[in-house]
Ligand SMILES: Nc1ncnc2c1ncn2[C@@H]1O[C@H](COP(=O)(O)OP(=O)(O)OP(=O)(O)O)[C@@H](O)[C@H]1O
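Take a look at this single chain in structure tokens; it is the form predicted on its own.
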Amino acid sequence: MLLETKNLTRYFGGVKAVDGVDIEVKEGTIKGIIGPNGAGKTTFFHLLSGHLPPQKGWIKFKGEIINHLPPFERARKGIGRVFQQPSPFENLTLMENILISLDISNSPSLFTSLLRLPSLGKSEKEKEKQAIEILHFLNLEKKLHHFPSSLTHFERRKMEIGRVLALNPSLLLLDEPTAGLSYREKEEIKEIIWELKEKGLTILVVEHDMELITDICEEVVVLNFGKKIAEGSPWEIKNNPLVKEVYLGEEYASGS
């Protein structure tokens, strides 16, 4: 297992935002997390990435308990999180934003290994080549000298993915990657996710789009009021009566 949580719990006052959640994420897989608004999905991601500490339970990554580690240490160990709202350096170009992430990373990027590019730290030209390869993968190479403010919502979303990929993650946390996108844009994000899995990344994705979850995920976890209420294949989840009732809705459950 690349990632495991046991009895993971986080309170806000008297409310359990995450209530004793156990999950396992196998290396090289795509796992989805779904649930209605307020189910605890974002809080769960905050706990995994280190932006909130758990009050009970533990998180194990690559066999190591990481509860005590801050976000930047978890990123160095290989947990990369793509937030729903991109937060780039607005005064830097798209290329420069990617280069900063390459500078932060202590190891060769995913694309360095796959494309047999030179390791990081040898020259600025080599790092620029890596950045261009990442941007090419995301179909953003024509925008490399543009500033984030000139990009569309979809382009900014892909740029945020690129910034995280440059950190060389082994686990990618995607928070609603298709929110606010058109059908064509969603299909492109789906292709990106598939290709990243083929390149060896393990992906945990929070999403409301059940079609996307069904298409890309091998396993799905369902949260409701902070608790895990179901886990299984997309087919099993879509046909689970409790999931139909609390997440997919009564109309879906009745088949009308």
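So that there is no doubt, residue numbering starts at 1 and follows the sequence shown. Since the model is a prediction, treat every value here as computed from it, not as a measurement.
The same protein has a further form, the form predicted in complex with this ligand, not shown here; the description that follows concerns it.
None of L48, I189, I203, A39 but one reaches within 4.5 angstroms of this ligand in the model of the complex through a heavy atom, and that residue is A39. Taking non-hydrogen atoms only, E160 never approaches this ligand to within 4.5 angstroms in the model of the complex. Using a 4.5 angstroms limit between non-hydrogen atoms, W235 is distant from this ligand in the model of the complex.
This ligand is not drawn, but in the model of the complex it has no heavy atom within 4.5 Å of S170.
Looking at H208, you'd find a heavy atom of it within 4.5 angstroms of this ligand in the model of the complex. From the list 192-200, 29-37, 57-65, 212-220, the contact stretch for this ligand in the model of the complex under a 4.5 Å heavy atom rule is 29-37. For the three marked residues, F89, L92 and S101, no heavy atom of any sits within 4.5 Å of this ligand in the model of the complex.
Contacts of stretch 2-19 with this ligand in the model of the complex, defined by any heavy atom lying within 4.5 Å, are made by F12, V15, A17, listed in sequence order.
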